[in-house]
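Coming up are structure 1 and structure 2: the same protein chain in two forms, each one given alone as structure tokens.
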Structure 1
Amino acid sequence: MSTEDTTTDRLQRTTRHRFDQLKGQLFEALLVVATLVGIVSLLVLFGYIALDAFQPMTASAQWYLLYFGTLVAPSAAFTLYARRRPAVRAANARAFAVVFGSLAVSLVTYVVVDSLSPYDVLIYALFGAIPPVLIGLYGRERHSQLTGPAIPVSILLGLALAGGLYGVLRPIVGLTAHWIAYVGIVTLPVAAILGALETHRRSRREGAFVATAVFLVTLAVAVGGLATGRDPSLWVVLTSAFVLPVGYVVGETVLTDEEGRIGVLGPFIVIGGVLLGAALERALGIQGLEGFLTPSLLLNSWDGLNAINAGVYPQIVGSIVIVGFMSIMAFPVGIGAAVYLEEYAPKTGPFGRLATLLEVNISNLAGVPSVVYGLLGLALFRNTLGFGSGVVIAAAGTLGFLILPIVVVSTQEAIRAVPNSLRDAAYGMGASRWQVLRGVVLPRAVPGVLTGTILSLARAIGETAPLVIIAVATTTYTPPSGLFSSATALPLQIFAARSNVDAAFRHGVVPAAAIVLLALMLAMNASAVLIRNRFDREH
């Protein structure tokens, strides 16, 4: 009898075990199906948008064969070659990052500075940058503990001083040519960065040589532009922020990385394939794509009557300016609040309970609908402060309120993830709270902070509802010229154009503008991901 019971128990346990295994397998299968459904749904959505934007059926078979031979085949062959060689793969990734990253930075810098006035940007850049640089150099020599806190204070004081002296400085700075302002805004910082890199790698003398070479080459390009009767402003920016940094990185890789030097060819194979294909397409008269994602869409102003002439240049610049000012206003406040709540706020007593109350409310604010933030922006910026309808500072401030809880919560989580043992070890060596925060906590929290930055930027750049509430115009024909000028954003133009009676707008211009918006968001996110990965490797 006892043997029968034991056998029955074993059978029951085996059956229960198999049943549990079956439940686990079914749950795993459901997860796989849910993932596939999500991915396929997104692919179908993006495919639908891409079909309308590019209209691939309008191109001839010769066009596809042409670009397969000039772009796809060479790029695929080089990728397969680099994939099996780690040194080549690393150099290839570095070359892609510097070529396309510096090109994007130089173009964005030019269009934003050009719309805001290079003279105004130069004044505020000089007053905002020179004091912290001087304090940093002083602290490097004296090793003062007050250097860190003094730097953000000096930036604020410098910007306030620039605002106070603006009426005196603006007429004086306005006497110079535009390209000289771009030299101060772009060339001098790039020369300082490349000079510092060369000083760190080799010697101070060679760093000074590189910085001087950057300045002289840019000056020669400007003189060449003036000699041909053209405004050299764009060429000054492209030379300083694109050509010379790419040349520095490529030259450095070729000279020092014997195994991986061939990897720098990757981006030039892609660019060369596109240019060669375009030249052959025009020379041979091959029928290409007739989509709406064209240079006209990126460079023209809006035309609500003719879809072929419709452009979103003011909307692109408006989105960049609004999100840029939003970042300047929201990220320092959000990160500062998170650092205070995690590292300085008391855990007990009345102030501790106040800190807990703040944390709970901040977490709840992260889930508030965006329309509510639009009403907050309308009440604060328009009804209380009296700003005009749809000005840049009101739009940036409203979106800043929207992302502030996300920044605070994600930064808090990143700071909490730093092990306490590292803090204890630093305190045990006699470090102060500020030294622990600066040298131990923040460097290890940066990847998590940047993850929150990516999420908040992606949400802010695609928001429409709060901008509609604060009466931001859906269509403007010029980019914003300052904090208090009218501006619009790309999502608003897409929202307005989707109801145009002309089907070419709904099924051509709107998908093409959506592709531009996605590319803009991916470029911003890619920058944050690159910085995050760099900190991940270092720590």
Structure 2
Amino acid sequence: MSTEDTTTDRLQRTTRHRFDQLKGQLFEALLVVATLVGIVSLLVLFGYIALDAFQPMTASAQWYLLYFGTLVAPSAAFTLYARRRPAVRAANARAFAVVFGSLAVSLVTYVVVDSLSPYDVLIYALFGAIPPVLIGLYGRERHSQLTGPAIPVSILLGLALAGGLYGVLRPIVGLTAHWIAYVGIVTLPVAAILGALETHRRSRREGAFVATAVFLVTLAVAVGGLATGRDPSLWVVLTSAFVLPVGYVVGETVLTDEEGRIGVLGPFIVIGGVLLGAALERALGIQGLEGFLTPSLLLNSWDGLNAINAGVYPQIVGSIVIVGFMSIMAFPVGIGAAVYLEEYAPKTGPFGRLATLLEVNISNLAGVPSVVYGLLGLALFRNTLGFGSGVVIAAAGTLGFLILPIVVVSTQEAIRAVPNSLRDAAYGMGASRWQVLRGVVLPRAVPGVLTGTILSLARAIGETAPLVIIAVATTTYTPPSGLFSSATALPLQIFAARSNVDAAFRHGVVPAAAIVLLALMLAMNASAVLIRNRFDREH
């Protein structure tokens, strides 16, 4: 009898056990599905957009085969090869960052300076940069205490002076050619930076040599361009901000990094694959992609009637200019506020309570809907300060207010992550509060601050609602030409085009513009993640 009892008992227990096990597995599966729902649905929607933008069915099978041979297979093989060798992988990553980073920087610089007029940028850059450089050099020779605070003051005074003398200077500067202005804006700083790098690595003589070489090569390129009768501006910028820095870094790696030198090939395999593919495509007459994500989309102005010619060049430049001015205005203030809250603000007493209130206030600001910031911008910039509707500075200021709390909160986190022992050690050695901050805390916090600021840039570049509220034009046909000129931004054009029922726009140009916007945002997010990962690994 008793044996029967235990059998049923055990049987019951195993059924129960099985049931519980099944329940647990089902629950876990449910959780996995829920986690993937958002990601998968987003991927599906991205897929729709990509299908419309690239129209992959228009290309022939040969086209896919061609690019598989020239681009996909070689880069995949190289990645597999590099994966096992840490030195090669590191050199590869560095080469990718340098090649595509400096390409992006030089193109953005050219485009922005071109739209804002090279002469104006040259005037303000010279007056803004020369005084602090002179003061810095003087301070290094004399070890003067004065130079620290004098640098920001001299920048502001220099810029104000440039504004005052603009009427006199503009005709004089206007006598030179465009490309000479670009030499001043781009080549000069690049030569200084590369020269300083080489001085730091080797000696002063070699540094001077590198700086002179940058100058001479750029001049040679400019003269070559002039000889063939073209405006050499773009070539000047590309040579000094892309070709020469890449050449310097690649040469440096090849000469010094014996183990990893093969890694610098990575980006060139990709670029070479694209160029070879394009050349073969033309030579063999292969049917390629007929999508809307073409050079004409990136380089033309908007055309509301003709989809093939419609482009978003003014919109892209507008976005970059607005976000650029926004960062100039918002980042110093945001980082300053975070430094105050973490390092200076009293923790106790009535002022301490005030500081806590300030902190709560900032975290609440981060939760205010972005449209409300639009109303703030409208009231402040148009009604109070009397700027025109939708000018660059109003848009930049409005977005600046919007991202200010994000910058403050992320900077605070980065500063808080710096261990207190470092501060104590520095104070123990007699450093003042500012010295501790500048020499110990801020350098350690830089990666965190950088991550936060890049993420806020990514947020700002996609922000639309506040710009609509402050009446930024949804479509303009020329890029902005200054702080007080009207501009539009890429997301605004997507918003404006929603009512276009023409299939070529609805399932063509607008998805392609959306891909451009997504690419900008994803590239920023990815670089923020990379910086964060690198930082995590180092500590």
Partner chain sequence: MSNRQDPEANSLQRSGFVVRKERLYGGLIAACAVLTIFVTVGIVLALSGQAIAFWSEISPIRFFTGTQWSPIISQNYGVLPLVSGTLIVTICSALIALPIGLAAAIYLSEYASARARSILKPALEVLAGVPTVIYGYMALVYITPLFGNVLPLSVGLIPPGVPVLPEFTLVVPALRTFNALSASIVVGIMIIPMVSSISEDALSAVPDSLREAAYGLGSRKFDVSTRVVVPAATSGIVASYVLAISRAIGETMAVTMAMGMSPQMPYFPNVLRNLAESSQTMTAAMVQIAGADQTPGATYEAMFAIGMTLFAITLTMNVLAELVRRRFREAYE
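Just so it is clear, the structure is predicted and the values come from calculations on it, not from any experiment. Only the largest set of C-alpha atoms that superpose within 1.5 Å between the two forms is called the rigid core. Here, a residue number simply tells you its place in the sequence of structure 1, counted from 1.
The form predicted alone appears here as structure 1; structure 2 is the other form of the chain.
In a rigid-core overlay of the protein, residue 33 has its C-alpha displaced by at least 2 Å between structure 1 and structure 2. After superposition on the rigid core, the Cα of residue 524 moves by 2 Å or more between structure 1 and structure 2.
Taking the rigid core as reference, the CA displacement of residue 21 between structure 1 and structure 2 comes to 10.8 Å.
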